[in-house]
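One chain follows as structure tokens, the form predicted on its own.
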């Protein structure tokens, strides 16, 4: 396969890949431009500045260019269902398969939250994600079966489920969550979101 990228594009990609690995291993403050240059093929530090003016610019590029939001929006737009329940189940089933593949990004998002008060992720969300999510929520609210619920609350509920699923899947002892296959875990999480966790007879 022929790589049509220019040398500059290849260098930029190598710098970003090296920086991503170092940020994840050593943290943002523990990673220097010199370390990135060395990990990116023993480049001269001055060469990095031909592509990025600062270390933060590299980090910002990672958040902007290597996030999972394109895949997420694709799933939301392609999910099927004639009812709100069917649509949510369809969307979340696929999301819980795809999003764990982006665990590195969630780690970068935590770095962004800690080091930059989340401003880089927030910018991507406000500029590229939320405008499209609004359309998805309008579509969902038009389907039968959904309680009157503010769209923002619904988005946060679904996001909380997905993030919680991914984080606990990666940090808990393997034997704990390997007792059930992914399909079963996914179904139980989605059922809990759709129906709650209280038995009908126990609800006040």
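What you see is a predicted model; the values in this text were computed from it and never measured. Numbering follows the first chain given and starts at 1.
A second form of this protein, the form predicted together with the DNA, is not displayed here; the remarks below concern that form.
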item	value
Residues 72, 90 and 141 all lining the DNA in the predicted complex, heavy atom within 4.5 Å	no
Stretch in contact, per heavy atom within 4.5 angstroms of the DNA in the predicted complex, of 144 to 152, 157 to 165, 42 to 50, 62 to 70	42 to 50
Residue 11: touches the DNA in the predicted complex, heavy atom cutoff 4.5 angstroms	yes
Close approach of residue 54 to the DNA in the predicted complex, 4.5 Å, heavy atom	yes
is_contact(residue 32, the DNA) in the predicted complex, heavy atom dist at most 4.5 Å	yes
